[in-house]
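Given next, in structure tokens, is a single chain: the form predicted alone.
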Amino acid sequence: MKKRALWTIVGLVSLGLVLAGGSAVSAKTIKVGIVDCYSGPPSTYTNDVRDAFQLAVDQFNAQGGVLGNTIEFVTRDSKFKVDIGLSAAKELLLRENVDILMGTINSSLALAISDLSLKEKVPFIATFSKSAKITGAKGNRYVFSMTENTALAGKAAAHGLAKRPYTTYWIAGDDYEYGHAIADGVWENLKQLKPDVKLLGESWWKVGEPDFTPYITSILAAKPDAVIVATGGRDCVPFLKAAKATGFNDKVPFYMHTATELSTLKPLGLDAPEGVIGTSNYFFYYPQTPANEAFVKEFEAAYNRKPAVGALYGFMTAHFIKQAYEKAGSTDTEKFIDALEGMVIDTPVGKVEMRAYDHQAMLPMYMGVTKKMPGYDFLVATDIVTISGAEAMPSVESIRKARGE
């Protein structure tokens, strides 16, 4: 009898909280599911995305969360496999009931998750995949990109290379979505800016190629003025090792997107090749602004290392999520997407806009050349040139054309 009376009292108290709209039942958890490669060479890039995201989320939650809601996230390792990553994304939706999907460094996987997000009507934020198709030809309402894509990188690289005295080129890279996309992005823009350039040939290898020496030998035999190397996250560091070991960088200048990034250069230490031309969205030492210095200080205090470019993407993703929900005034998915379109936030590299039409973050691009510098036990970028997001972005008209609109 007493037990029954106790449960009656508990029930009445609970009902009172519901009727009063009490905080005990009104708050919820905003859950983010991250699918990325956390094993092998790609983790050099992806760990910083996750860690900067967590740093920002912890700060938000300590300050009361977002609209009174706590942000949580769970991760899954794709092992750089499309099938594994896609299965993980489906599991996050069905079992973890995540509100947002996030990731990945694998462009092919990002495109697969994009299709899934459209089908399930769940936002997907691409944080490191570079394929222009993600927000271009294959873009949809539920997909956003926090990183530069191959179209942006290609256009920015072409601007820099067009000012150099190179006329004959060779293209070499990973034989998958990203490799071909970055190579096409650079070459098509370069031809427009400098019509007299000539392509002598191409070399393509499988992702994870263990020996680049035969390819390097073949390229050198063709005697190009310069080489466009289109490698993804898994092969960037191994290729630079091979370039140093064979003296490739001393025999012919080459451009490689991400070659100047900390994630690529730090594992190599002072054994990285000098004189390599590279592009990146971020350096912890550039731009030298209070916002960037504060970000570096916070990240280093939390993780005892300098932030690489992935940290910028993780930072932006967290802040775009928070501010979009706050602007929407609701955790409703459709209102969140509407709020995110066209939003501008402050970042370590200045103000960044999420272009409303294609959901592409308008990031600046920095082109530099690898060099040993006093005070660093790894190479850094020198002679840095800035290409603004507005300059590097493909036009809305070109995106419409790609989508057949």
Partner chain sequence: MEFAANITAAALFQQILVGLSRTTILFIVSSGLSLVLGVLRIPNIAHGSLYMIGAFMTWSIATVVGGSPAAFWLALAFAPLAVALVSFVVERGIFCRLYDREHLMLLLFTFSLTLVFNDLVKLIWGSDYRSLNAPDFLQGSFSIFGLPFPRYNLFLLLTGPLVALGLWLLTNRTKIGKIARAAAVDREMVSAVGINVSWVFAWVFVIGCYLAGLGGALVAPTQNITQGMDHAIIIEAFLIVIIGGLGNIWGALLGALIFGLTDAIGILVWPQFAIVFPYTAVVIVLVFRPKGLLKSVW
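What you see is a predicted model, and the numbers here were worked out from it, not measured in a lab. Residue numbers count along the first chain shown, from 1. Whichever C-alpha set is largest while still superposing within 1.5 Å between the two forms counts as the rigid core.
Not on display, but discussed next: the form predicted together with the partner chain.
Engineer: Based on heavy atom distances of 4.5 Å or less, which listed stretch (44-52, 373-381, 359-367, 341-349) is in contact with the partner chain in the predicted complex?
Structural biologist: The contacting stretch is 44-52.
Engineer: Against the partner chain in the predicted complex, would R234 count as a contact residue? Criterion: heavy atoms within 4.5 Å.
Structural biologist: It does: once the partner chain is placed as it appears in the predicted complex, R234 has a heavy atom within 4.5 Å of it.
Engineer: Residue-level question: is G160 within 4.5 Å of the partner chain in the predicted complex, judged on heavy atoms?
Structural biologist: No, G160 sits far enough from the partner chain in the predicted complex that none of its heavy atoms falls within 4.5 Å.
Engineer: I'd like to check something about W205: if you look in the predicted complex, is any of its heavy atoms closer than or equal to 4.5 Å to a heavy atom of the partner chain?
Structural biologist: Residue-level check for W205: yes, a contact with the partner chain.
Engineer: Tell me, yes or no, whether S39 is in contact with the partner chain in the predicted complex, where a contact means a heavy atom of each within 4.5 Å.
Structural biologist: Close contact exists here: in the predicted complex, S39 approaches the partner chain to within 4.5 Å, heavy atoms only.
Engineer: Pick from K241, K119, K335, K81: which has a non-hydrogen atom within 4.5 Å of the partner chain in the predicted complex?
Structural biologist: Checking each option against the partner chain in the predicted complex, the one that comes within 4.5 Å is K241.
Engineer: Which one, A294, V74, A222, A137, lies within 4.5 Å of the partner chain in the predicted complex by heavy atoms?
Structural biologist: Exactly one residue meets the criterion: A222.
Engineer: Is every one of D58, G329 and M354 within 4.5 Å of the partner chain in the predicted complex, counting heavy atoms?
Structural biologist: Result no, not one residue of the spot touches the partner chain.
Engineer: If we check the partner chain in the predicted complex, which of the residues in 269-301 reach within 4.5 angstroms of it by a non-hydrogen atom?
Structural biologist: Counting only heavy atoms within 4.5 Å of the partner chain in the predicted complex, the single contacting residue of 269-301 is D271.
Engineer: With the core lined up, does the C-alpha of R305 move 2 Å or more between this form and the one not shown?
Structural biologist: Stays below the 2 Å threshold, so no.
Engineer: After superposing the rigid core, is the C-alpha displacement of T217 2 Å or more between this form and the one not shown?
Structural biologist: Yes, the C-alpha moves 2 Å or more.
Engineer: Please say whether, between this form and the one not shown, the C-alpha of F284 moves by 2 Å or more once the core is aligned.
Structural biologist: Stays below the 2 Å threshold, so no.
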